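Listed next as structure tokens is one chain, alone, in the form predicted on its own.
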């Protein structure tokens, strides 16, 4: 049975306070469930296009907006009275999050792989423009005044071998329809996901991971590898305020995902998709003890070299805050949820609903009763757990890692791809960090790791569980994760037009053969699975050979080379190709180099 016929995978929620309904986007179920909060029953199902992603509801509750998160992405406009799709609006590649303007006139849509935000005019039911943002926009929120859209970009972009690499927030001026501010987050910020703006319009809250990639992965205590963070932004001034850790000193709050405020603004809510929890934060108390920093870059130098993620006393409290565990002690309640993989939130009065992606359920948390136990509400019949689904769950589960600090997905993202940062994993010694690799086609392209130190995928999974999650593999765990990774499929490049090469890429295809690239990057896998000295070693050993990576999905796996020193394919071909080890391109013109890079980015 196909996964879409078996699992729902609730990924987004929209609440209607008037009717007491929840609308639940079921990502693998290809439908939107209409769920009544009074009877706690599903009262309707709206079939939609494949892979619904984001969802929003009009202020009057009569119209639902749902994205189809596929390469030929659409926004579906649904009449909630008839459950019929009234319009299909083409937008960009893999539209995910959506948000309405306060007046209900426009819909803003994150096109994850086009790196754009579409503006959909709802009266005309068509896209009236796209706005370029940074890398992989996945979350957005419109200010109560409607003058700006704050957009969370999931991944950092740029070189990985420098002193700073972090994802950021783009601020769109809605009148000008352009980005007017880019708000930096602290070094190591990655997996940007949820965002919420306080009801008074003063603050925005962004959930993300804070990777401690500057350190060798030698242990996990006190957030040595990954911490889980909430960044606070001042909305009127479009500026960074500070970043605080959601973890406790001996217990991680892995993979923060959805963020919401209660209607009164007294509580701030964050789901943790890896440790399966909900943080309920006293928002006013948080701001009373939250100092402001001049810059998110100030904290880079604040990590002590002694082994703890703590700080030197010489630093100002504001600048050391992103390294302090236990900030929320006394002002936050950590609520263990009954489901697995909470990725979405909806708030109706004092009732908070979390949508659990992997258990096909909702968890209800009553904020008016601090001692009340969360209630689990199934959405689907008991479905047999396939080996693939089990592997996907293992891959995204941090609750079994030492102190729940991170999951496999923390470093490889929600789809097991590359995640920008370098890591010193001790696979082949110390002080030689390598860039995170995509796991797509890893079963078909051994050996594993940048230097090929693991013979195959199963060996790499085993070592990752043992030496990165710091646990022993459970029976069947390696096989399940291997099955999940084996079934991953390439996503068509956003550089293609209806599946076809552009004229520039067609010229680049010829140059790919002429320059000798095809010798190492041999179709169809675009690798010869050999280890090669490409002249880019920077650790004193000139004989190090690196596994030839596949170029499949090269468009989404930047930065490039073993230590991420090349921010673009063009840099690989030029800046880091002095001995023609990445193709004989010395006689190519600038236009031909652009054509060759364009072809590689279509793979």
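Residue numbers count along the first chain shown, from 1. Definition used throughout: the rigid core is the maximal C-alpha set that superposes within 1.5 Å between two forms. Keep in mind it's a predicted model, so treat the numbers as computed, not measured.
A second form of this protein, the form predicted in complex with a small molecule, is not displayed here; the remarks below concern that form.
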Hey, of 120-128, 440-448, 147-155, 247-255, which bit sits against the small molecule in the predicted bound form at 4.5 Å between non-hydrogen atoms? 440-448
Taking any heavy atom pair closer than or equal to 4.5 Å as contact, tell me whether residue 516 reaches the small molecule in the predicted bound form. yes
So in the predicted bound form, does residue 116 come within 4.5 Å of the small molecule, heavy atom to heavy atom? no
Although the small molecule is absent from this view, report whether residue 296 comes within 4.5 Å of it in the predicted bound form, heavy atoms only. no
Decide whether residue 267 counts as a contact residue for the small molecule in the predicted bound form under a heavy atom distance cut-off of 4.5 Å. no
Tell me, which of 320, 469, 159, 332 has a heavy atom within 4.5 angstroms of the small molecule in the predicted bound form? 469
Which of 225, 167, 354, 109 has a heavy atom within 4.5 Å of the small molecule in the predicted bound form? 225
All of 190, 205 and 347 with a heavy atom within 4.5 Å of the small molecule in the predicted bound form: no
Would you say residue 17 moves its Cα by 2 Å or more between this form and the one not shown, aligning on the core? no
Would you tell me if residue 581 moves between this form and the one not shown by 2 Å or more at its C-alpha, with the rigid core held superposed? yes
